[in-house]
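Quick setup: one chain, the form predicted on its own, written in C-alpha coordinates, and binding and motion questions come after.
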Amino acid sequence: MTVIEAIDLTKRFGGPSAPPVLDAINLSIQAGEVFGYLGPNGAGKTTTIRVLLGLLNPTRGTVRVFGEVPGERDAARARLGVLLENSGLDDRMTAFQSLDYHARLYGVSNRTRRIERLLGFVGLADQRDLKVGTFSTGMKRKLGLARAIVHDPELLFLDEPSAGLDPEAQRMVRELLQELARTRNITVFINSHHLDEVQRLCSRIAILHRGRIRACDSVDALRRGAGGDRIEVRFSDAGQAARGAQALRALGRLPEVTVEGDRLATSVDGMTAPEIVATLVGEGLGIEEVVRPVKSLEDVYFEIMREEEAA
(Lines give C-alpha, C1' and ligand atoms only; values in the text may rest on other atoms or scores of the structure.)
Protein backbone atom coordinates (compact mmCIF):
# COMPACT_ATOMS: atom_id res chain seq x y z
CA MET A 1 0.00 0.00 0.00
CA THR A 2 1.31 3.43 -0.99
CA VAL A 3 1.01 5.75 2.02
CA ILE A 4 2.73 8.86 0.63
CA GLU A 5 2.80 9.83 -3.03
CA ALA A 6 4.17 13.03 -4.55
CA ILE A 7 4.18 13.60 -8.30
CA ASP A 8 6.01 16.62 -9.72
CA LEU A 9 5.61 18.42 -6.38
CA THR A 10 6.72 22.02 -6.78
CA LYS A 11 6.45 24.82 -4.23
CA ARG A 12 7.24 28.50 -4.68
CA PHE A 13 6.89 31.41 -2.29
CA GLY A 14 6.46 34.89 -3.75
CA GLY A 15 4.96 34.39 -7.19
CA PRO A 16 5.73 32.52 -10.43
CA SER A 17 9.09 34.25 -10.93
CA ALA A 18 10.42 33.19 -7.52
CA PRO A 19 12.85 30.25 -7.47
CA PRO A 20 11.21 26.98 -6.38
CA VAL A 21 11.76 25.82 -2.81
CA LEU A 22 10.70 22.36 -4.01
CA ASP A 23 11.34 21.52 -7.65
CA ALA A 24 9.51 18.56 -9.24
CA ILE A 25 9.72 16.21 -6.26
CA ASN A 26 8.62 12.62 -6.91
CA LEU A 27 8.18 10.22 -3.98
CA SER A 28 6.39 6.95 -3.33
CA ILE A 29 6.56 5.59 0.22
CA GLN A 30 5.01 2.27 1.19
CA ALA A 31 3.32 1.14 4.40
CA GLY A 32 5.80 0.08 7.06
CA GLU A 33 8.76 1.94 5.56
CA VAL A 34 11.09 4.03 7.69
CA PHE A 35 12.02 6.67 5.13
CA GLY A 36 14.87 9.14 5.64
CA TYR A 37 14.83 12.59 4.06
CA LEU A 38 18.28 14.19 4.09
CA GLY A 39 19.70 17.50 3.01
CA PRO A 40 21.40 20.68 4.21
CA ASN A 41 19.57 23.56 5.84
CA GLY A 42 17.38 25.31 3.30
CA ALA A 43 17.12 22.27 1.02
CA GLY A 44 13.32 22.11 1.42
CA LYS A 45 12.93 19.25 3.90
CA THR A 46 10.57 21.00 6.34
CA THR A 47 8.59 22.54 3.47
CA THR A 48 8.03 19.03 2.12
CA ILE A 49 6.63 17.87 5.46
CA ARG A 50 4.34 20.90 5.68
CA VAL A 51 2.96 20.17 2.21
CA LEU A 52 2.44 16.50 3.08
CA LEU A 53 0.59 17.55 6.23
CA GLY A 54 -1.68 19.91 4.30
CA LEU A 55 -0.29 23.00 6.06
CA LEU A 56 0.93 24.33 2.70
CA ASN A 57 -0.55 23.87 -0.75
CA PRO A 58 1.73 22.85 -3.61
CA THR A 59 2.27 25.38 -6.39
CA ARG A 60 2.17 22.54 -8.89
CA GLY A 61 1.94 18.78 -8.83
CA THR A 62 -0.03 16.16 -6.94
CA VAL A 63 0.31 15.02 -3.34
CA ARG A 64 -1.62 12.18 -1.70
CA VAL A 65 -1.41 10.73 1.79
CA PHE A 66 -3.40 7.53 2.29
CA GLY A 67 -4.75 8.18 -1.21
CA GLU A 68 -6.22 11.57 -0.29
CA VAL A 69 -5.18 15.18 -0.77
CA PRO A 70 -3.69 16.31 2.57
CA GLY A 71 -5.92 18.54 4.68
CA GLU A 72 -9.14 17.84 2.80
CA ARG A 73 -10.58 15.56 5.48
CA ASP A 74 -10.11 16.12 9.22
CA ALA A 75 -10.66 12.40 9.87
CA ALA A 76 -7.46 11.57 7.97
CA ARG A 77 -5.41 13.68 10.39
CA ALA A 78 -6.17 11.24 13.20
CA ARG A 79 -4.04 8.71 11.31
CA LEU A 80 -0.98 10.99 11.51
CA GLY A 81 1.53 11.72 14.27
CA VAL A 82 3.82 14.73 14.01
CA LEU A 83 6.94 15.98 15.77
CA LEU A 84 8.23 19.18 14.20
CA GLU A 85 11.52 20.85 15.08
CA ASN A 86 9.60 23.27 17.29
CA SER A 87 7.59 20.86 19.44
CA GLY A 88 4.94 23.46 20.35
CA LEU A 89 4.44 22.12 23.89
CA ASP A 90 2.60 24.28 26.42
CA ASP A 91 5.11 25.22 29.14
CA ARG A 92 2.29 25.72 31.67
CA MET A 93 1.17 22.09 31.54
CA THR A 94 2.74 19.16 33.30
CA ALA A 95 4.08 16.28 31.22
CA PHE A 96 1.03 14.18 32.10
CA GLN A 97 -1.42 17.00 31.32
CA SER A 98 0.20 17.62 27.96
CA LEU A 99 -0.23 14.01 26.87
CA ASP A 100 -3.68 13.77 28.40
CA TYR A 101 -4.85 16.85 26.49
CA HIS A 102 -3.81 15.35 23.16
CA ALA A 103 -5.15 11.92 24.05
CA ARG A 104 -8.56 13.52 24.73
CA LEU A 105 -8.47 15.33 21.38
CA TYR A 106 -7.99 12.00 19.60
CA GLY A 107 -10.46 10.06 21.73
CA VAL A 108 -7.85 7.65 23.08
CA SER A 109 -9.33 5.00 25.34
CA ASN A 110 -7.56 3.92 28.54
CA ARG A 111 -5.74 7.25 28.46
CA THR A 112 -4.10 7.07 31.87
CA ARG A 113 -2.64 3.63 31.29
CA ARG A 114 -1.27 4.55 27.85
CA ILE A 115 0.18 7.86 29.06
CA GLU A 116 1.91 6.25 32.03
CA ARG A 117 3.40 3.62 29.74
CA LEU A 118 4.65 6.22 27.25
CA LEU A 119 6.16 8.41 29.97
CA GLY A 120 8.01 5.39 31.28
CA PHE A 121 9.25 4.41 27.85
CA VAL A 122 10.68 7.86 27.07
CA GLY A 123 12.23 8.14 30.53
CA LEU A 124 9.95 10.81 31.97
CA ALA A 125 7.94 8.79 34.50
CA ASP A 126 9.54 10.63 37.44
CA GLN A 127 8.79 13.99 35.81
CA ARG A 128 5.10 13.33 35.05
CA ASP A 129 3.89 16.12 37.37
CA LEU A 130 6.56 18.71 36.51
CA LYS A 131 5.75 21.72 34.32
CA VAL A 132 7.04 21.45 30.77
CA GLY A 133 8.58 24.91 31.14
CA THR A 134 11.14 23.43 33.54
CA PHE A 135 12.26 20.77 31.07
CA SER A 136 15.54 20.71 29.17
CA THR A 137 15.56 20.65 25.36
CA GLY A 138 16.13 16.89 25.40
CA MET A 139 13.27 16.28 27.84
CA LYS A 140 10.91 18.33 25.68
CA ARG A 141 11.99 16.31 22.65
CA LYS A 142 11.15 13.07 24.47
CA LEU A 143 7.75 14.41 25.51
CA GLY A 144 7.08 15.63 21.99
CA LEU A 145 7.75 12.16 20.63
CA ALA A 146 5.42 10.61 23.21
CA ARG A 147 2.73 13.12 22.23
CA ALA A 148 3.18 12.29 18.53
CA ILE A 149 2.36 8.61 19.12
CA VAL A 150 -0.13 8.87 22.01
CA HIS A 151 -3.03 8.11 19.63
CA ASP A 152 -1.23 5.19 17.90
CA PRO A 153 -0.96 6.77 14.42
CA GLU A 154 -0.39 4.88 11.17
CA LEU A 155 2.02 7.50 9.76
CA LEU A 156 4.59 9.41 11.76
CA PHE A 157 6.36 12.59 10.58
CA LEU A 158 9.52 13.42 12.53
CA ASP A 159 11.56 16.58 11.98
CA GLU A 160 15.02 16.11 13.57
CA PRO A 161 13.77 13.65 16.24
CA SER A 162 17.16 13.36 17.96
CA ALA A 163 17.88 17.09 18.20
CA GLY A 164 19.06 17.93 21.73
CA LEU A 165 19.16 14.30 22.87
CA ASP A 166 22.13 12.62 24.54
CA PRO A 167 23.43 9.32 23.07
CA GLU A 168 21.33 7.18 25.43
CA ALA A 169 18.16 9.05 24.49
CA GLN A 170 19.05 8.82 20.79
CA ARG A 171 19.26 5.05 21.16
CA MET A 172 15.87 5.07 22.90
CA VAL A 173 14.34 6.92 19.96
CA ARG A 174 15.86 4.46 17.48
CA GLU A 175 14.57 1.45 19.42
CA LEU A 176 11.09 2.95 19.71
CA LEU A 177 10.85 3.67 15.98
CA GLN A 178 12.19 0.24 15.05
CA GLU A 179 9.61 -1.38 17.33
CA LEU A 180 6.77 0.68 15.87
CA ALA A 181 7.75 -0.18 12.31
CA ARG A 182 8.29 -3.86 13.09
CA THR A 183 5.30 -4.62 15.31
CA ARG A 184 2.67 -2.12 14.17
CA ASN A 185 3.63 -1.57 10.53
CA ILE A 186 3.72 2.18 11.15
CA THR A 187 5.21 4.27 8.37
CA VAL A 188 7.83 6.80 9.49
CA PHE A 189 9.05 9.84 7.53
CA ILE A 190 12.19 11.32 9.09
CA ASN A 191 13.95 14.61 8.38
CA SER A 192 17.38 14.41 9.92
CA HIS A 193 20.95 15.69 9.84
CA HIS A 194 22.01 12.71 11.95
CA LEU A 195 23.46 10.44 9.25
CA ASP A 196 24.35 7.59 11.58
CA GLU A 197 20.79 7.56 12.92
CA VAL A 198 19.37 7.45 9.39
CA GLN A 199 21.75 4.67 8.36
CA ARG A 200 20.67 2.57 11.34
CA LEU A 201 16.94 3.25 11.02
CA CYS A 202 15.87 3.79 7.46
CA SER A 203 15.01 1.26 4.80
CA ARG A 204 15.25 3.93 2.08
CA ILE A 205 16.43 7.52 1.88
CA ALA A 206 16.20 10.52 -0.41
CA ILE A 207 18.89 13.21 -0.53
CA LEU A 208 17.57 16.69 -1.23
CA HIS A 209 19.63 19.64 -2.46
CA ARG A 210 18.23 23.04 -3.47
CA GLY A 211 14.72 21.67 -3.66
CA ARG A 212 15.47 18.68 -5.88
CA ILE A 213 15.98 15.02 -5.07
CA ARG A 214 19.50 14.07 -6.10
CA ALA A 215 19.40 10.43 -4.99
CA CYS A 216 16.72 8.04 -3.74
CA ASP A 217 17.35 4.38 -2.93
CA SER A 218 18.06 1.98 -0.10
CA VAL A 219 21.03 2.89 2.08
CA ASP A 220 22.86 -0.29 1.02
CA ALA A 221 22.34 0.40 -2.69
CA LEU A 222 23.58 3.97 -2.38
CA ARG A 223 26.66 2.88 -0.43
CA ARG A 224 27.49 0.12 -2.91
CA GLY A 225 26.95 2.42 -5.87
CA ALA A 226 29.19 5.10 -4.38
CA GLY A 227 31.95 2.53 -3.95
CA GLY A 228 31.93 1.97 -7.69
CA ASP A 229 33.13 -1.16 -9.44
CA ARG A 230 36.47 -1.28 -7.61
CA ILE A 231 38.55 -3.67 -5.58
CA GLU A 232 41.18 -3.21 -2.90
CA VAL A 233 44.00 -5.70 -2.38
CA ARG A 234 46.00 -5.85 0.84
CA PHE A 235 49.48 -7.39 0.70
CA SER A 236 51.86 -8.68 3.36
CA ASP A 237 53.96 -5.50 3.05
CA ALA A 238 54.16 -2.18 1.19
CA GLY A 239 56.89 -3.41 -1.14
CA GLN A 240 54.67 -6.12 -2.55
CA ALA A 241 51.84 -3.63 -3.04
CA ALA A 242 54.19 -1.46 -5.12
CA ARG A 243 55.29 -4.48 -7.19
CA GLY A 244 51.65 -5.46 -7.74
CA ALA A 245 50.77 -1.98 -8.95
CA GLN A 246 53.74 -2.02 -11.35
CA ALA A 247 52.66 -5.37 -12.78
CA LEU A 248 49.08 -4.21 -13.36
CA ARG A 249 50.11 -0.90 -14.90
CA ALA A 250 52.40 -2.73 -17.30
CA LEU A 251 49.39 -4.53 -18.78
CA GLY A 252 47.90 -1.20 -19.88
CA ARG A 253 44.34 -2.45 -19.39
CA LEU A 254 43.34 -0.62 -16.20
CA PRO A 255 42.61 3.15 -16.14
CA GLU A 256 44.10 3.76 -12.70
CA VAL A 257 46.00 1.78 -10.08
CA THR A 258 46.80 3.47 -6.75
CA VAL A 259 48.92 2.35 -3.81
CA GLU A 260 48.72 3.42 -0.17
CA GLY A 261 51.00 1.54 2.19
CA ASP A 262 50.32 -2.19 1.88
CA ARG A 263 47.10 -1.65 -0.12
CA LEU A 264 46.47 -1.46 -3.84
CA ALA A 265 43.21 -0.11 -5.29
CA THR A 266 41.91 -0.23 -8.83
CA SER A 267 38.72 -0.23 -10.84
CA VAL A 268 37.67 -3.39 -12.65
CA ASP A 269 37.08 -1.52 -15.90
CA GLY A 270 39.19 -3.39 -18.43
CA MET A 271 39.86 -6.50 -16.35
CA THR A 272 37.66 -8.62 -14.11
CA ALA A 273 38.45 -9.00 -10.43
CA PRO A 274 39.50 -12.68 -10.88
CA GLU A 275 41.86 -11.65 -13.71
CA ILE A 276 43.44 -8.97 -11.52
CA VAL A 277 43.93 -11.39 -8.63
CA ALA A 278 45.32 -14.08 -10.95
CA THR A 279 47.85 -11.58 -12.34
CA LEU A 280 49.03 -10.66 -8.84
CA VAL A 281 49.25 -14.29 -7.74
CA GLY A 282 51.24 -15.05 -10.91
CA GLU A 283 53.79 -12.46 -9.78
CA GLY A 284 54.30 -14.47 -6.60
CA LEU A 285 52.93 -11.71 -4.36
CA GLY A 286 51.61 -12.35 -0.86
CA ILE A 287 47.94 -11.32 -0.98
CA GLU A 288 46.33 -11.02 2.45
CA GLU A 289 42.86 -9.76 1.53
CA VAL A 290 40.71 -8.73 -1.45
CA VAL A 291 37.63 -6.56 -0.79
CA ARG A 292 35.13 -4.44 -2.68
CA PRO A 293 35.00 -1.09 -0.84
CA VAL A 294 31.67 0.18 0.47
CA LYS A 295 31.42 3.83 1.48
CA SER A 296 29.58 5.08 4.53
CA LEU A 297 26.34 7.01 4.15
CA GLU A 298 28.28 10.08 5.31
CA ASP A 299 30.74 9.60 2.41
CA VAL A 300 27.85 9.22 -0.06
CA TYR A 301 26.04 12.29 1.29
CA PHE A 302 29.02 14.63 1.13
CA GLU A 303 30.06 13.31 -2.27
CA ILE A 304 26.63 14.22 -3.63
CA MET A 305 26.78 17.63 -1.95
CA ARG A 306 30.21 18.36 -3.46
CA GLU A 307 29.02 17.31 -6.93
CA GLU A 308 25.93 19.53 -6.68
CA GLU A 309 27.88 22.55 -5.42
CA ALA A 310 30.34 22.15 -8.28
CA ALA A 311 27.60 21.86 -10.91
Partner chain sequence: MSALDHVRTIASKELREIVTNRGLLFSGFFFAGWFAIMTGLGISGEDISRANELDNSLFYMAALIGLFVAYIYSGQTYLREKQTGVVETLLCAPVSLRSLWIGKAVGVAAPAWFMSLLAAGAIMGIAGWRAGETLLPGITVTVHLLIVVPTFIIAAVALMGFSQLMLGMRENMIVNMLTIMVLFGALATTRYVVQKAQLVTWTAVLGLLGASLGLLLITSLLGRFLSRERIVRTIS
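Values in this document were obtained by computation on a predicted structure and should not be read as measured data. Numbering follows the first chain given and starts at 1.
Keep in mind the form predicted in complex with the partner chain is missing from the figure; the text below concerns it.
Worksheet item: With a 4.5 Å heavy atom cut-off, would you call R147 a contact of the partner chain in the model of the complex?
Response: Heavy-atom contact with the partner chain at 4.5 Å: present for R147.
Discussion item. Quick check on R114: any heavy atom within 4.5 Å of the partner chain in the model of the complex?
Written reply: No, no contact at 4.5 Å.
Discussion item. Contact with the partner chain in the model of the complex for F13, defined as at least one heavy atom pair within 4.5 Å: yes or no?
Written reply: Result yes; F13 sits at the interface with the partner chain in the model of the complex.
Discussion item. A245 versus the partner chain, in the model of the complex: is there a non-hydrogen atom within 4.5 Å?
Written reply: Taking the distances in the model of the complex, the answer for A245 is no, it never comes within 4.5 Å of the partner chain.
Worksheet item: Which pick from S267, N57, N26, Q30 sits with a heavy atom within 4.5 Å of the partner chain in the model of the complex?
Response: Exactly one listed residue reaches within 4.5 Å, namely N57.
Discussion item. Under a 4.5 angstroms heavy atom criterion, identify the one residue in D229, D220, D91, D166 near the partner chain in the model of the complex.
Written reply: That would be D91.
Worksheet item: Is the partner chain in the model of the complex near all of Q240, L251 and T272, within 4.5 Å of a heavy atom of each?
Response: No.
Discussion item. Given a 4.5 Å cut-off on heavy atoms, tell me which of 105 to 113, 180 to 188, 197 to 205, 122 to 130 is the interface stretch with the partner chain in the model of the complex.
Written reply: Of the options given, it is 105 to 113.
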